[in-house]
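Here's a solo chain for you in structure tokens, the form predicted on its own.
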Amino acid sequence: MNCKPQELLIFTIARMLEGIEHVAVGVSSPIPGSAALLQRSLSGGTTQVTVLNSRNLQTLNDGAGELFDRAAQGRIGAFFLSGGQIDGKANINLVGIGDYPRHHVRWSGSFGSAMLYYLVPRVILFREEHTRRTLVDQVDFISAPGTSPPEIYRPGGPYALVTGRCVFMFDRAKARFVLTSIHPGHRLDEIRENTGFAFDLANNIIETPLPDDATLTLLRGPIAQEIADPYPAFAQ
């Protein structure tokens, strides 16, 4: 079976969720949401999944407010963040481009990203578009910082950055991304050319593994049916 690019991303993210008891997914996140559901299925149902704005895929009584409470209590193991800009120190920008407050491009806003970035142990950054426009040397506005001074209590933070071209893991000690795998059909020189920040190379950069036929069948059947609740167009 041929694997579609989005199915590769779903499978790649799902592999990063192994051993996580509770995965939460924000709004407008069909690929991370599908990945969380895939991992729940592969784990035999032991992984709890919360997808905001879903009728069936969450047990929150107080919406996002309860999600923040659970994160503060250490009850959320993984979450996903993105941004109009992401830089080499894992800072994200959800506000806009230009000098604050006179941005010449304005986005939706930070919402609870800064709080969850500090609290959730495994935050996976996700951005399908991998260009110098989105992956920049330094964000124009820090909606949520990737790192904090040593004296700041911070149980949460960036774990990885998954894009449409590759996978970076985040080295918190060095505050730098490390390229660990390149998706099939892409090359290292292409990654360098389209990345605005400096990054390190893993000792053994691999080709991102593809899902097998059984996993693709699972994705296109039960997972697609489940993710159709909040994302019917994506499920199609």
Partner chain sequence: MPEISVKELANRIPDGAKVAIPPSRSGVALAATRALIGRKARNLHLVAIPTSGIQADMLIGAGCVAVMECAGVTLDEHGQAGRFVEAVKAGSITLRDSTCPALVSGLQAGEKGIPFMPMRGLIGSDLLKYRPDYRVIDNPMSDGPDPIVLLPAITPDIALFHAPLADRHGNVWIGTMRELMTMAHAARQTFVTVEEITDADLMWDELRAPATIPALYVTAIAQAPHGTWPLGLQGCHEPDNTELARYARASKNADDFASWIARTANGKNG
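Keep in mind that this is a model prediction, so the values were computed, not measured. Numbering follows the first chain given and starts at 1.
Although not depicted, the form predicted in complex with the partner chain is the subject of the following passage.
Contact annotation: residue 156 falls outside 4.5 Å of the partner chain in the model of the complex, judged by heavy atom distances. Using a 4.5 Å cutoff between non-hydrogen atoms, residue 204 does not count as a contact of the partner chain in the model of the complex. Although the partner is absent here, residue 15 is not a contact residue: none of its heavy atoms lies within 4.5 angstroms of the partner chain in the model of the complex.
In the model of the complex, the partner chain sits within 4.5 Å of a heavy atom belonging to residue 143. The stretch that touches the partner chain in the model of the complex, counting heavy atoms within 4.5 Å, is 103-111, out of 81-89, 121-129, 103-111, 156-164. Heavy atoms closer than or equal to 4.5 Å to the partner chain in the model of the complex belong, across 57-82, to the residues 59, 61, 62, 63, 64, 65, 66, 68, 69, 70, 72, 73, 75, ordered by sequence position.
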